[in-house]
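Structure 1 and structure 2, given next as structure tokens, are two forms of the same protein chain, each shown alone.
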Structure 1
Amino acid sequence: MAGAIWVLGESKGSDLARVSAEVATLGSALGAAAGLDVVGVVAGASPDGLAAEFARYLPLVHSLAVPEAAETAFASAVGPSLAALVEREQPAYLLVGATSDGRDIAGILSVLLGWGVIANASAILWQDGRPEVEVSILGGKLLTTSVFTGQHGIITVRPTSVTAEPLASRGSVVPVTVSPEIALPAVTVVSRVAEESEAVPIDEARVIVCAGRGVGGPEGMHLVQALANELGGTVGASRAAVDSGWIPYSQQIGQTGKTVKPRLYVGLGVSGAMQHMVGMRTSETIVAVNRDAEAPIAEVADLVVIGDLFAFVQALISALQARST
């Protein structure tokens, strides 16, 4: 399978991460354009179940068992095995989601394999016999294209860059084993805590209602949540709302939070500081509610509601409910 395009599948809890299915779909289109095979790889303590799920999106998935991954930190545990498998099977390119695990693995594989990394792809074309990677930089102000200077490379792909499409028929799972010559220092996992949440993670959400400082406090947050429920969305936040302790950091959008690209972003009492806008300006539709007509978020919005957010959101919820009955 030399020269193939490989796609790494990762888990979220016990399921396949949605971004992995998206990257598989992106990789398949790239493979078709390039005339290259596209192969999935899932590594972990007991990867077969996840590999089977991944095979809904790819014709062939390697299931690489790395027992150490059960109680040691993921990327350091699976990195050497993945590198050994790559060296044996000689794929040309590796695609992985730009998630915390995906980036950790990309960094480790980059140095173990000596391959370059192009990060945060939003699209990949096949041009002149190599991938041409589109990256939205500076918070979406510019779209750049990048290439590898050599014959190999690792590409991390932003969540929600494409819509995942399962294959007509499920692919096959092939268990593989390797004995890597090196190991990375073990990092013990003392405990894993899943914070139960019904909501879709913010960077995968199709609809986001974002709370800013203007929401004022926990009471305002209830209103934000109510609107998110009505729209089938996830609640996000500016750093001001996170710093105020109204919502956990995991929901923060922006430079030091998550980059999101939902179909709909609704900002409530968000001014639109540069550090916030870099995380949301590539959203498909942006609606901003602010009592200040001069708020900078209007620069990137498709629709601006000028007025008090509390009165407006209550009216909007009523209007949405009236519509659905």
Structure 2
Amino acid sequence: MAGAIWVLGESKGSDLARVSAEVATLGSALGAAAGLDVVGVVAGASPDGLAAEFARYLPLVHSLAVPEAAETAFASAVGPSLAALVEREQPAYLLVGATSDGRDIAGILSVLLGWGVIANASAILWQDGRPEVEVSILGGKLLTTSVFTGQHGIITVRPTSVTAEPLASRGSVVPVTVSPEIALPAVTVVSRVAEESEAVPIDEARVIVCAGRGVGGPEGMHLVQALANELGGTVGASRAAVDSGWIPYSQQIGQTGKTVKPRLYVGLGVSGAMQHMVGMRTSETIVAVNRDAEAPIAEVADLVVIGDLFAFVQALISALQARST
């Protein structure tokens, strides 16, 4: 559909990536404001199953089979076919999650199509006939608003920027085929390494207990993990805790880590640097435990506990255990 807003669907394992459902919801709101059709696109070696899942969030989804995607790096395999499909159908804008694959695809499409890219959007509004894109910069200290100078553009959207909302009825899936004129050099995937963890991925957790510099070290991390276990949650961390080597980078929350949106965020010894808060400020309920009543996190917290975090957490764990018996 010429002039439409397209949303690219990605997989996480065999399922639809949560960020794709979120971006679809954002795209639907943008399309309603602009009076434009919103179309999903799923490309891959066997895209039909993922396209059917994506159709829970969009009224129409294109399923584009790219056999090469099974053997080579995803973005380089599907990029030329996606570019050919865009050139044929002429959408106005393309939205994609700001994931590793999403960023790669945005870069490839930008070169092949000559379209501009606005990266890491936290919000998009339709103003004066074009999208206005809000992006946080300088570690979250400033918010900028950017627009495209032309009639087309690609926007990568930060995870958890919106809450995914499925449609009342599932949309339709239409298989499409293209013959790209350009082929990129094949990037062979030699091996894949997946971090082993029994915990829910931090960007999908409903409860996060976050460790800051105030937990003091590895011994304090044991207490953080114990509280997370009692709450049925996952442990996160500020950059200070990660840089100190107390917890892997995969658990870092913030501008240079993950963006999260749990139902409950508990910050233990987290001062609340802007770089961190940009990654957790959309949490539904924020609890901060800190000795410093003037810590920046107190400005965004729903509940602030001023005092010794070790004494508080031990008492809280005891109370939770007593309640469960």
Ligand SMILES: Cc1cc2nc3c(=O)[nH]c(=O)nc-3n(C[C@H](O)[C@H](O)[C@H](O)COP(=O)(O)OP(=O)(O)OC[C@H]3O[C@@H](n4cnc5c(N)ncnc54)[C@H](O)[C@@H]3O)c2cc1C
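Owing to the predicted nature of the structure, the values given are computational and were not obtained by experimental measurement. In this text, the rigid core denotes the largest set of C-alpha atoms whose superposition between the two forms falls within 1.5 Å. Each residue is numbered by where it sits in the sequence of structure 1, with counting from 1.
The form predicted on its own corresponds to structure 2, not structure 1.
In a rigid-core overlay of the protein, P59 has its C-alpha displaced by under 2 Å between the two structures. When two forms of a protein are overlaid on their rigid core, residues whose CA moves 2 Å or more are considered shifted, and H222 is one of them between the two structures. Once the rigid core is overlaid between the two structures, A237 counts among the residues whose Cα shifts by 2 Å or more. Structural comparison between the two structures after rigid-core fitting shows the C-alpha of G307 displaced 6.2 Å. Relative displacement of the D292 Cα between the two structures on rigid core alignment is 8.1 Å.
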